[in-house]
Structures are given as C-alpha cells and as structure tokens.
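Given as structure tokens, the chain that follows is alone and in the form predicted alone.
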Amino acid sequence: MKYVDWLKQKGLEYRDSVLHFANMNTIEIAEKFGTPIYVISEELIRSRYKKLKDLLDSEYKNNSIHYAVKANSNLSILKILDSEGACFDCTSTGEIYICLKAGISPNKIIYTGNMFTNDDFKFAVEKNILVNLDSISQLKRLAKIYEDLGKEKETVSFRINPEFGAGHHSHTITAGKTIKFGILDDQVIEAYSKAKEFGFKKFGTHIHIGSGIINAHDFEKAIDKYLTIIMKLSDTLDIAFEFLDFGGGLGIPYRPEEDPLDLELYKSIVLKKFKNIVEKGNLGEPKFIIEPGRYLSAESSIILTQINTIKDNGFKLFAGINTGFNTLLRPTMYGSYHHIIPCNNRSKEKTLTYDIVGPICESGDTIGKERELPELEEEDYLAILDTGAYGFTMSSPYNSRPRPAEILIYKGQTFKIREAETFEDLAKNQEIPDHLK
C-alpha cells in the first residue's frame, strides 16, 4: 500500500504541507486547544464498526459486536458505538458503571472479568449484567449472590482457555496453560455440569487469545480447539447455547509497511467454521459474538504534541516533546510502535534521525526510537498516530503531570469531550491528618 493511502485509511492527509485529520487542520487544533491533546474522529469509529458489522452480516445474521471498553472508555465513544447498535464487553465494575452512565442497556453488556470478588458479583447481578466466569471456584459464590439478592439464575458463561494464544507482546497473550485466564479443556464439562446443578438455565461460552493480532492465521489453532470443545460439551451435556463468544484481538497496522488484517480471511477462519458446526451440530442457533476494541477505536485518534527541545549530545539527536508515557504508555510498556509525523511537512531535502522523547523523569520515556523525519525545529507540532485504543485509558498523572483533554471531530466541528486535568486535580481526594497540619 502506498504511504499516502495508508495515511488516508486513518483519516490523515497533507494539504498544502499541513497535516489534516478528519478534514481538520491539525495545527489550528493544536493552537486552539493546546498540547498535548487527544483528537478523535467520530466518522472513523462509525466506519470501522459498519465495515465489521457488514462483514459478519454477510455470513451469519445472528451476530453481535461487543466493543471492548478497556480500549477506550470515554462516554462519547460509548455513545457513538451504542448508536450504531454495538454491545459492550466490560472487564471491571468500573467499566460497567461507565457504560450505564452512557445510557447503555444492561442487556447489551457482558462482564468478562477475572479474579472476581463477591462485591464484583453483587454489583453485576444487581445491575442485571451477564457474568462470564473465569474459574470453576467462582460459580458457587456467584450462585449464592443470585440467591441472596432473590434474583433468578438465567444465563451464565465460562471463559475457556484453548491453550493457543497470540498477540503483539507476551503480556497481551491471553491463552495457554501458564496464562491466568479461563478454564482448560479438561475442566469444561465439570464447569457446565455444576452450573446446571446450581440452577442456571441458559449458557454461553467465551474465548480470548490475545490482543493486536494482524495475521488472521494466528486465530486458526485456537478456533479449531474451541469449536472441538464446544461440540464435546454440547454432546455430553445436551446444552443449547445462547451465544458463542470468540473474543477480540483484531489488530491494526501501526507501521506503514504493514497490511491491515485480512477480514475475509478472518471470516473464513472464524465465522465460517462456526457456521458450519451450527448447521451440522446440536448447538441450537447461538449468537456469534466478537469483542473488538483496538480495531474500532485505535485509528480514530491521534495525539498532538509540541517539540520543546532539539538536543544533540554529540552521539544522538533527540526531539523532546511535551507528552510522555504518562499520556501514551504503550511504547514504554510493550515496546509498541506508533508512527509519528510532522504537522507541518515543510519541503526540506534534509532528513535526520531522532529519538522522540518525553518529559517524564525516566530513561524509558521514549515514544519513538530512531525515527527518520524532515529536519525538526523547536515549537513544531507532531502527530502520534493510532492512539485511540489504550491511550487515555492507560494514562496516568505520573510525575504529577495532569492528564490532557480529549476532543472529538464530527462533520467539521470540534467538541471537547473531556476537560484537561488541573493541578488542583492532583490533590483531589487527599486528606492530611490533623497531626500533620
């Protein structure tokens, strides 16, 4: 794919040497709102959702896309996806709270946590949220919560670990015998037998093998194992499933030389195989569910930042910017690549190699290593791409730096959807005991 087309897929293009995002001038945005700032395109979120939904509908109509809230939990993002018909996958009671705050119906939420507390269960059951269990030991406690609250036990699900995992980093691989998530093959029959004994009447299943997968073939072994487990479970216990959840993990091309995930191949490996066993087996007509997060939101957002320092130490050239791993943790935590481009692409023949570094007092605060860019100057603006997933949600006020604002672009207008934090926010909720006053 040509570089200019790669950028256009992400809503980016240069016009008269100035970078535009979602048809808006990035320099004007930076000067109006200040930097650093997260800038989000509503149109990109909607188009990504529609493209994925059309793909599923083309093969199997009884499907549902559950957006992985952990990727980006801004209320406006949730409202956008809710308006498109999305459902939601939550990994904590806080994410459930945020979804409900956004006006999302409880019947559109699945709670896929791990290491649940009784308080977690109580919160979910009180709010009529379906729970996707992570361990057989949790079943008895969940059943008791239903009984204590006088709630009818209807649907329950277990997360199954198919032992084959994949992902962009070892920390994001979520399947395998040494991984903390889910139950293994030899526990599945026992889990669902006990669920029936405890009085649950309807059932679902779930897997998730990892995050940021860009080669559809990486799903193959896990899907084959998962479907084998499902068929054995159905034949042994005579269970008709309400849904089979295939998790998320759909990646995006962070690097210009990367091709996007082949969705047609993904459909063949995942959805068509599901459809085949539904047509042949005794599963009933379960809903097909997937849980993309990054695929829907990552490319919808950039971080605009400003260069404050050009430093040549005689060995290496640094471009110091006003955003660091407090604003985008992924490069430091995972060694992740985020493409970085100038907002003003001045016609300069000279290019130089820079480390793009932030102001955090840690040597690991490098957003981009060895980046070849047109010669940069102090006060230039840069755009850090693909920050709409695990950007703000993994941010922090580390080094006592307040977190930036978020703005949304829609049809040529900008809307502030999160205020920047202030110094006052850093001390909020802290109390000094009397003996220290």
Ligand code: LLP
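Model, not experiment: these values are computed from the prediction. For every residue, the number given is its place in the sequence shown, counted from 1.
This protein has a second form, the form predicted in complex with the ligand, left out of what is shown; the following refers to that one.
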Just one of 31 to 39, 387 to 395, 368 to 376, 408 to 416 has heavy atoms within 4.5 Å of the ligand in the predicted complex; which?
387 to 395
Can residue 46 be called a contact residue for the ligand in the predicted complex at 4.5 Å between heavy atoms?
no
Partner proximity in the predicted complex: residue 70 to the ligand, non-hydrogen atom cutoff 4.5 Å:
yes
Contact flag, residue 324 vs the ligand in the predicted complex, heavy atom cut 4.5 Å:
no
Would you please decide whether residue 291 lies within 4.5 angstroms of the ligand in the predicted complex, comparing each non-hydrogen atom pair?
yes
Going by heavy atom distances of 4.5 angstroms or less, which of 343, 250, 270, 129 would be at the interface with the ligand in the predicted complex?
250
Would you mind picking the one in 287, 168, 225, 141 that has a heavy atom within 4.5 Å of the ligand in the predicted complex?
168
Any chance all of 10, 11 and 53 sit within 4.5 Å of the ligand in the predicted complex, going by non-hydrogen atoms?
no
Within 4.5 Å of the ligand in the predicted complex: residues from 89 to 105 (heavy atom criterion):
89
